[in-house]
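Single chain ahead, written as structure tokens, the form predicted alone.
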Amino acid sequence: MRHRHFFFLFIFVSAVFLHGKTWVVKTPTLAQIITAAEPFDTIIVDGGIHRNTPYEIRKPLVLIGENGPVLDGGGKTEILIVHHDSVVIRDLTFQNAGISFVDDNAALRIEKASHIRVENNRFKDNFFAVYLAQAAQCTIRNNHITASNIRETNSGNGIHLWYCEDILIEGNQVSGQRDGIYFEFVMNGRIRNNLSENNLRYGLHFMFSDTCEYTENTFRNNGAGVAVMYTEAVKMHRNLFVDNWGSASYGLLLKEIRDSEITHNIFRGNSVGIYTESSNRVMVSQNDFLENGWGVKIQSSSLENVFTANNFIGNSFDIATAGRQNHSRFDGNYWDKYTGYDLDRDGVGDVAFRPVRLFAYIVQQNPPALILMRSLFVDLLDRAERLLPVITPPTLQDNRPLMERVNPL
């Protein structure tokens, strides 16, 4: 391998198999060492830049970096491909996996393998960073993934899962990719405590992935927020959706999902907090909708959803719908625009609240009308709609509006 300085690769044979034996190898290629190693050996990569990619692992190994080693794809190839179970990859830098419009080139590809741990690595300017295909019982933890792409067509996803099961994605930072995290045909996936920001399309993209959960993640300033599609039994708890702003952006898109939970999240500064279409039996409870363009846009194709104990504060429009039909229920939420009274002092308003404004409907049909937002004309429209509802679905009202803000956490 060509590089400026000599370096050492130390092979430590697992103490489970050969007690205390150490191999010291001077300046070999990493590929030669991977081939020569026995199952369950540990390979320590001590510094240097390694360009003879792609490397392939076909046995259980531990691959650890020391002193900042870099595996470089040269903008042409994949970098490391894992074909076998029980592999650990830690403290390495992967960079410049090549762009391909035919193959999904990845810095690290895990193919038909299980019990893989990928921890504390750095991924810089790769097409795809970490790609799992038909993998199971793997952990992707505390990795730092960055890219400087400016077009979706030239970028892949940060952490990409396809046909996987029992995967933990935890403590990673992802930015500058097409989608920060992507799930397709995944069962029992867990996405926990990650930061996904400044990605070109979605911070998180879920498709056909049942019984998954994501908790305590931050999705910030992505092209179109988070999308969850064609899925059931998803749990979304204690996440932060913030500053996903643009003409076609939102904090969270729900499309054809069923029997799911969205609780204890914060939606702040998004064009739309939640947009829901053809989604049924979703419980939306104890969330904060703060300073969004629209708090919730709910289509009449969505059935039997329940919004309860949420806070709607500082949104330009709290709720919007496309027509006169509503098949979801709003009950016991806090609305900062509620002007009713509570004579019996039970904490619940005595007059129902209608959260849909006539002006919101007008803006959906004619976006330039937004320039009239603060005008007296709009105030008159709102007052007229409250007295004689024309657009607001008669079933879209909160009969038990709360007088005080809910503590969502």
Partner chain sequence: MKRLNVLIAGFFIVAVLAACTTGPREIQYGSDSCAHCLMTITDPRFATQLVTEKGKVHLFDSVECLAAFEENDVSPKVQRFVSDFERPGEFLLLNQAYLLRGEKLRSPMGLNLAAFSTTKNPEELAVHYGGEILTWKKVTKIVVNAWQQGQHHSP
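Computed from a predicted model, the values in this text were never measured in an experiment. Positions refer to the first chain, counted from 1.
What comes next is about the form predicted in complex with the partner chain, which does not appear here.
Among heavy atoms of residue 104, some come within 4.5 Å of the partner chain in the model of the complex. Using a 4.5 Å cutoff between non-hydrogen atoms, residue 205 counts as a contact of the partner chain in the model of the complex.
Of the heavy atoms in residue 229, some are within 4.5 Å of the partner chain in the model of the complex. Although the partner is absent from this view, residue 163 contacts the partner chain in the model of the complex, with a non-hydrogen atom inside 4.5 angstroms. Of the listed positions (291, 210, 259, 170), a single one reaches within 4.5 angstroms of the partner chain by any non-hydrogen atom in the model of the complex, namely 210. Distance criterion of 4.5 Å from any heavy atom to the partner chain in the model of the complex singles out 187 from the list 240, 309, 313, 187. Of the stretches 300-308, 137-145, 230-238, 77-85, only 230-238 has residues with a heavy atom within 4.5 Å of the partner chain in the model of the complex.
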